[in-house]
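You are given structure tokens for the same protein chain in two forms, set apart as structure 1 and structure 2.
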Structure 1
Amino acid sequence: MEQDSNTESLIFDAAKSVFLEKGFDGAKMQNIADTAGINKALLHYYYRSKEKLFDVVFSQILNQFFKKMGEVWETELSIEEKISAFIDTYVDFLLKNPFIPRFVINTLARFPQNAGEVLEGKTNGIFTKMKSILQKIQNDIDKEAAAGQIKPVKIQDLMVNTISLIIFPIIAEPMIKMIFGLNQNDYKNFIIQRKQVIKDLLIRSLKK
């Protein structure tokens, strides 16, 4: 799925799939070995322990999650166009990787000690990068606001609004299906149609 089929990446892919779906506690080493189609001892041969294996997988997913989140903002588009492009690409990304946000959020909640510095090292300073991108967006907003093109907003509010509207319905998929009585297909259409709903909502909030 990810790389060529040497044993190490075979294990990595299996572990990623199992951890993503079940989380650290729910995932069992035997299940990962079975998924990879190899003997359980090989997991330890290549990755030493469950924690170590999880660490590698989690770092990779965290990078994937935030890299995708940072992408669109470094372009030369207007704020409104950036928001629109971000919604499109991030919703598409999540439709292909629906387990990632729940996994990231649960893991961050599960291992609060990993919080700051530890993760920062293992992920090429992903949080520092994130903060610098946010600062840049804030500057863009301030510029456009000063030019009278949009209402001034705090990047924290805009960002949290945006990712809340995008990510929550993915995390809460089972709940949303249940409350509204949707099947898999209804649900997927609902998410796709939400792209426009979210754009309208956010862009309207920037109009003066």
Structure 2
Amino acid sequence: MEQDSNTESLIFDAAKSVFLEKGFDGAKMQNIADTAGINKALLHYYYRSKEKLFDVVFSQILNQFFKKMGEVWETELSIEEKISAFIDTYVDFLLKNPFIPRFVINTLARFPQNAGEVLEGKTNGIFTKMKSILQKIQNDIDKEAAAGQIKPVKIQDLMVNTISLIIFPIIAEPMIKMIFGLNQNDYKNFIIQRKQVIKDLLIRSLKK
């Protein structure tokens, strides 16, 4: 049993590494097997297809992220402080897992009518769980707005603005590098520095 657990851990780490480097479409089961140091037959014994393996990696990574996100919003910090902490968490997560938003975008394109259901299935209902977190954020916003500390705002607007500002530079990485002549290290620093830019924009929008 311990050997099985070790092998699965090797496969998970290898798959994440290969998906990160090559994306879902570019990754091959042979690449993953080689990276894990096992033969392809053993890889197929644990996971019959690349899709099933990706679903496991995708689900586990997102669950870890949403757990962290939930912890941020459960604190007693102000909305401004929570937004700041959320941006830090989200940007750091995407720098480590840039294939996640690209996969979501591709899924939206492949399943235009039921992409939400497909993603919900691949993440063990994570979007349903997220609704309670979003409601908690809205309650916090309403409370501070009623006290005159911030402007009233709908959670839909706040989250769409936040996610858009963070995700676009991740998805558009090749274009941004080309336009501004950035190497990989320059690009990473650019994304990290954008944390404060995004915080300033969003927090300013909440000020009365």
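All residue numbers here follow the sequence of structure 1, with the first residue given the number 1. Keep in mind that this is a model prediction, so the values were computed, not measured. Whichever C-alpha set is largest while still superposing within 1.5 Å between the two forms counts as the rigid core.
The form predicted alone appears here as structure 2. Residue 191: CA moves less than 2 Å between structure 1 and structure 2 after rigid-core fitting. Taking the rigid core as fixed, one finds a CA shift for residue 36 of 2 Å or more between structure 1 and structure 2. Comparing the forms between structure 1 and structure 2, the C-alpha position of residue 169 differs by less than 2 angstroms, with the core used for superposition. In the core-aligned comparison between structure 1 and structure 2, the Cα atom of residue 58 sits 4.4 Å away from its counterpart. Taking the core as the reference frame, the CA atom of residue 47 shifts 3.8 angstrom between structure 1 and structure 2.
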